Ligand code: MSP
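Next comes just one chain, in C-alpha cells: the form predicted alone.
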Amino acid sequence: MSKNLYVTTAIPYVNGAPHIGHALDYLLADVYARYQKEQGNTVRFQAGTDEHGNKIFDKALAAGIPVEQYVTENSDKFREFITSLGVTPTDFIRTTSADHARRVQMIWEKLAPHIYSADYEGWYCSGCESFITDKEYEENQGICPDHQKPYERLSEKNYYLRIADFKDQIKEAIEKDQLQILPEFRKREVLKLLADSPDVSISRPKKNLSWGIPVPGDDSQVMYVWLDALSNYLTVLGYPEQDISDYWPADVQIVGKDILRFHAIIWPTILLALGLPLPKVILSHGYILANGQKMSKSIGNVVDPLEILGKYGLDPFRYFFLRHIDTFNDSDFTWDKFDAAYSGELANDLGNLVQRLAVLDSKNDVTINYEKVAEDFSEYYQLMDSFEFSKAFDYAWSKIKDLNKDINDAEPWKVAKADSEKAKEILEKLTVRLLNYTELLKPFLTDTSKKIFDIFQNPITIPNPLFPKA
C-alpha cells in the first residue's frame, strides 16, 4: 500500500551564492525522495529560500539595489542550482511571499499563550542571527566559531517563546526516538543543549531589524528570522489555512549540523505549542572539508560546486558527494580525490563494465529478457530506510565490483568460440544482474541509470563512453 511522505531541506539565506554545503542538503533529500517514489509512494519534497534579516538587507544596501530585487535575484540562483543538481522538489517556498507572511502571522497568534515580552541584555552573533548564552560566550572565548567574528553586546526589548513549557516533552520524545535525531551522537549533543536551553527571543525591535515580517499587534517589533524561517515547513503545505495531515509530520528533515540546535529545540517547541506532532526524523549531516580544513573565504579554500559540475557533469558530482562524503560525518573533498573517484571508479568500475557487456552482447546477438530484482537486496533497503545513504551506495557499488570480477572469471568471449548458446546464456545472466544493480543506483546516478537501461533495450546499442576522460 502506497504512503504519503514529506521530506524537507533547510532553507538557505540568500545573502550569498549557493555553496557545496547546500548541495548536500538537496542531494540527500533527493535520494530519499527518489527511493521512496521507486517504492510507489507519493512524496512532497520542500526546498526554498530564507529572505529576511539584517545580513540580507545590508548586502542589498551594499549592492545598491532594492532589497526586493536582491532577494529575488538570489532566490533564482538557488532554484537554478537545485535544478543543476538533478534535484526536483515538488514545492519551493520564499519567505517573502505573501502566503508565507500571512500564515506566519497566524502561527504567531496561535503561539500567543507561550509568548511573553521581556528586556534582553546579552550576547548576539550577527552571522548566526542568534542570541548566545554567557556559557557559550565563555566556551568560545567571545568569538563565534562558525563566523570567526566577536559576539556583540545587545540590550533590547523582545518577545520570547517559552522553551521551558515543553522541555520535558521534547526530552522524552528525543530519548524515546519519537523524534529521532540522526546520527546517534548528535542526539546526545542535543539533549545536553536542551538541558541548558533558555527561552528564545522570537522578535527584535524594528529599529534594529527592519527587513522582516511584522509582529501581529505590535508595529514596533519584527519577527526574529528563526521563527519566520522554521515555520516554512508548515506554511509551504498551507498551514494553518489548510489541513496538512496528509503530509505532516515530516518523515525526515535534513539539516546541516550547524543549525541542528534550532531544529531540535526551537522547532519542536513551536510544533508542540501549536498542538502539532513532531517530525519523525531530523537528519544532521556534517561539513564538507577541503584538504581537512573547514571551507572558508578568508582561508581561500572554498570549492565552487558549479565549477565541479561544469568540468565533470551531473552524475560524477552526485557520485562523489553521495558516496565519498559520509551521510553523517565531516568528510574531505580534494580535486585529487575527485579525479581518482571519477577515473578509477566511475569510468573503470561502471563505465568499462557497461561498455564491455554491450559489446559482448551485441557481438553475440544476445536478447535481454529483463525482470527486476532476482537477488536478495534486503541490506540495501535496510540502509536506505535508515538514511544510511553513503553506506547504501557502497553496497550497490560492491555489487558492480563483484560483477566485474564474475565477468573476468566467466570469460564469455572464450566460451563463445566453443559454444555460442552457452555464451549467450552467460551474457544474458550477467546483463540482467547489471540491470538489477542499476535499479539500486537509480536514486544516486539519475542520468547514468537511465542511459544503462536504454543501452540494453533490444537491440542492444554500443554506447560512447559513459564517463569520458575529463
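If you're wondering where the values come from, they're calculated on a predicted model, not measured in any experiment. Numbering starts at 1 and runs along the sequence shown.
Not pictured, yet referred to below: the form predicted in complex with this ligand.
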query = Out of 223 to 231, 196 to 204, 105 to 113, 241 to 249, where are the residues with a heavy atom within 4.5 Å of this ligand in the model of the complex?
reply = 223 to 231
note = Only hit among D91, D258, E388, E189 for heavy atom within 4.5 Å of this ligand in the model of the complex is D258
inquiry  = Just to be sure I understand the contacts: of Y381, F131, W397, Y287, which is the one whose heavy atoms reach within 4.5 angstroms of this ligand in the model of the complex?
reply    = Y287
Complete contact of V87, V303 and L314 with this ligand in the model of the complex (any heavy atom, 4.5 Å) = no
Residue contact check: H19 to this ligand in the model of the complex, 4.5 Å heavy atom = yes
message = in the model of the complex, does D30 come within 4.5 Å of this ligand, counting heavy atoms only?
response = no
task = Answer yes if any heavy atom of I455 is within 4.5 Å of a heavy atom of this ligand in the model of the complex; otherwise answer no.
result = no
ask   = So in the model of the complex, does L154 come within 4.5 Å of this ligand, heavy atom to heavy atom?
value = no
Contact set, 1 to 36 vs this ligand in the model of the complex - heavy atom within 4.5 angstroms = A10, I11, P12, Y13, H19, G21, H22, L24, D25
